[in-house]
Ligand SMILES: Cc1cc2nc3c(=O)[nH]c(=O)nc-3n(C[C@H](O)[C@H](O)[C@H](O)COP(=O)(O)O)c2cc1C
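Shown here is one chain on its own, the form predicted on its own, set out as structure tokens.
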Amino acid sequence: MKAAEPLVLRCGQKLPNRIAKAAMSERLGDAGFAPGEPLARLYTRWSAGGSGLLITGNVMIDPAHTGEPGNVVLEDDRHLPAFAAWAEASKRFGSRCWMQINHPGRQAPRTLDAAPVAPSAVPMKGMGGAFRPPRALTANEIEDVLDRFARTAALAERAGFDGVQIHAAHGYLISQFLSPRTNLREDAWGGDAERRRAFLVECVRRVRKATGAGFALSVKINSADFQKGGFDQEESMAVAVALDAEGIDLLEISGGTYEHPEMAQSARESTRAREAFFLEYATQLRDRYEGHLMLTGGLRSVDGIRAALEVSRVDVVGLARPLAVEPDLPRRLLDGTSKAAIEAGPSTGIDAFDRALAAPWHELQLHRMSRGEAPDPRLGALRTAVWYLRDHLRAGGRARRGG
């Protein structure tokens, strides 16, 4: 099975197999934005599960701008021993571990960010007032954000992580720079497709300059935002080609934003049937992209993984929510003891409720593993909803008090 084959990246780093644990939001940072034993315990579990690569959930570059209660932030060396312990735990059983680094931009809840920033002052729509309207970043502030990405990457390397993934998807800050809906600038950072991608390209260059030759650099981009007048597939492919020219080690393909969360679900039955949400895009991009590609979203079975690796010719497949329920699924898929992930999730019989509860249901499984407990596929919807509300209220209150 091709999934079992190692992969040597452009930087010389070797992944032991082609199955990656894709990023999921853990929200397990402490009151000072540091990782602790719960994150180390969770990632030890995943490392033992057989994934060749573990990509962390969001690590934010600025404590003034976080995307969720419980986010981890890395901006200086004050918590470096805790980050080193997290990295060591993640690699204990042979996995590589990369830190996903991010800035939320306008996707910062009003309970966490009193003054969100973005490329342009374009507010979120249809989110029930959960997000404050942002103000546009100044040119000097853009330079500071770019330097913060580079500094966080350098600190991740010092802590022992094997690489970083720059999050340029899902409607966060870099995704906002890429989209003509949210980037209305007319300076060096916006005005046409080439200038809209300038922030991401410059971010890649500064991260590369700040880190060593064998340190992996990945980028996660949207295949599209799935919004009229937004970042579309043709522009996405142009961004991918530009990143290929920069020599990045792995490009992960996803899609959607908070306003249109295509990354979390697919409306089309045909897409669900073939598993991979963004397979068509990956197949088209393969003929234009020479570097290594990673496909995440909807994959659940040996057959789906094989199709992605052998038919669409991607190099790495990412599994996310299935590993919240079966952390050892990669090992069992690779050794033939499993053919597919189990079907699990909230089940109220009301489709809208089940979709709304899917993310917190899977997040609660991560929190169970962080305490040393086993995931519970039978976890009920009501218990999930109560936990989620209590946890967010508690974390939000802590954030408002300044930790």
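In this text, residue numbers run from 1 along the sequence as written. Quick caveat, the model's predicted, so the values are computed rather than measured.
Form predicted together with the ligand: not shown, discussed below.
This chain is displayed without the ligand, yet in the predicted bound form the stretch 314-322 from 314-322, 225-233, 146-154, 118-126 comes within 4.5 Å of it by heavy atoms. For residue 65, no non-hydrogen atom is located within 4.5 Å of the ligand in the predicted bound form, even though that partner is not displayed. When the ligand is considered in the predicted bound form, residue 296 lines it closely, a heavy atom lying within 4.5 Å. For the chain shown alone, residue 283 is not a contact residue for the ligand in the predicted bound form, no non-hydrogen atom being within 4.5 angstroms. For the chain shown alone, residue 254 is a contact residue for the ligand in the predicted bound form, at least one non-hydrogen atom being within 4.5 angstroms. Proximity to the ligand in the predicted bound form, defined as a heavy atom within 4.5 Å, singles out one entry of 346, 35, 52, 57, which is 57.
Annotation: in the predicted bound form, residues 25, 170 and 362 each come within 4.5 Å of the ligand through at least one heavy atom.
The single residue of 81-114 lying near the ligand in the predicted bound form is 100, the criterion being any heavy atom within 4.5 Å.
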